[in-house]
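Okay, here we've got a single chain as structure tokens, the form predicted alone, with questions on binding and movement later.
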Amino acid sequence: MSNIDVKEIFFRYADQWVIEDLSFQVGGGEFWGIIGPNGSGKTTLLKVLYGLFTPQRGEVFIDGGELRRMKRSDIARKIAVVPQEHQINFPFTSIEVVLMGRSPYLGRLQFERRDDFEIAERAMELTNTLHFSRRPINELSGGERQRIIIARALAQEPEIILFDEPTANLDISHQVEFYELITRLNREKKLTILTVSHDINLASEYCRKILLLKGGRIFKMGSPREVVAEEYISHVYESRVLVDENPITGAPRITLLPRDTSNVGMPETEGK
């Protein structure tokens, strides 16, 4: 199990700071959700965490080692990323896409070996996608493609997986299916997982800890019950919300409220 230690990082594009003075620790095998409004630095933070962006100040440590000093191939063996959008324009079969996850272990111009195929097939078994391994990925539904991309990430044999808005284009059934899948992977494979989400209720339901960002800074961090509170969510999102408990699971949940409630629930005027 790998841990992440973020120490006083700052990141900016040109002269605009997007992340300022962020420090937190993610223990090995933990499942974190990162929430916050648009422009709060969520996706930028994720890119810093896997070394795509290097902070101007501060450091990210993976298992005690400085991320900026690690080779890209070593990072890819440790950290897998499932992006928000994954355009694959060629009609690769699903197994071919999953095998792309083995690239950090292959030399230049080296072809996949038997064990690479076995690892890819095991990843597809974990995501329940092996039965359409020979189908072109562009013929699959959105939920099926998402599971293939997760299988590709698992084929990297990582200890950390980062997800960026993984359910943004999925219907509610596939959203629940996705979170139940990564919850099982977190529990059974002991993977350390961080997921950026705009859906506060899903993050509250499935993540063990939540990081709430506002303006590139940590506004609140802790368990869902500690973070998903009416005063915090209303302030950060500048919206009126009601926070109560899911009657089945007990997880905190939010309900959006209209800004103007003067006509809410009023019957329409007859004749209109």
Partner chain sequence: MIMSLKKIITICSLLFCLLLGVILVSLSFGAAKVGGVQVLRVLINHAIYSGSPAGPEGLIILSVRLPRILLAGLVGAALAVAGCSFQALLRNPLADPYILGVSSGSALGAVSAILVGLSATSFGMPLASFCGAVVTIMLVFHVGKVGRGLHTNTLLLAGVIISAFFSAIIMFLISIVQNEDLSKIVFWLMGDFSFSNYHFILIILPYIAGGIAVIYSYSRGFNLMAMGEETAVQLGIDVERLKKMAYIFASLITAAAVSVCGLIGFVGLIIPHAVRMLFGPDHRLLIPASALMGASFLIGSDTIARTIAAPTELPVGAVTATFGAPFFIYLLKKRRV
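Numbering follows the first chain given and starts at 1. Because the structure is predicted, anything quoted here is derived from the model rather than measured.
The same protein has a further form, the form predicted together with the partner chain, not shown here; the description that follows concerns it.
Candidate from Glu165, Glu144, Glu177, Glu96 lying within 4.5 Å of the partner chain in the model of the complex - any heavy atom | So the residue touching the partner chain in the model of the complex, by this definition, is Glu96.
Using a 4.5 Å heavy atom cut-off, state whether Val81 contacts the partner chain in the model of the complex.
-> Val81: yes, in contact with the partner chain in the model of the complex.
Hey, in the model of the complex, is Phe132 touching the partner chain, heavy atoms inside 4.5 Å?
-> Contact check for Phe132: no, nothing within 4.5 Å of the partner chain in the model of the complex.
Any of the heavy atoms of Arg108 lying within 4.5 Å of the partner chain in the model of the complex?
-> Arg108: contacts the partner chain in the model of the complex.
Could you tell me if Leu52 has a non-hydrogen atom within 4.5 Å of the partner chain in the model of the complex?
-> Looking in the model of the complex, residue contacts with the partner chain include Leu52, since a heavy atom lies within 4.5 Å.
Looking at 123-131, 191-199, 165-173, 151-159, which lies within 4.5 angstroms of the partner chain in the model of the complex, counting heavy atoms?
-> Of the options, only 151-159 has residues within 4.5 Å of the partner.
Answer yes or no: in the model of the complex, does the partner chain come within 4.5 Å of a heavy atom in every one of Ala76, Gly101 and Glu112?
-> Answer is yes for this spot.
Would you give me the residues of 232-256 that have any heavy atom within 4.5 Å of the partner chain in the model of the complex, in order from first to last?
-> If the 4.5 Å heavy-atom criterion is applied to the partner chain in the model of the complex, 232-256 yields nothing.
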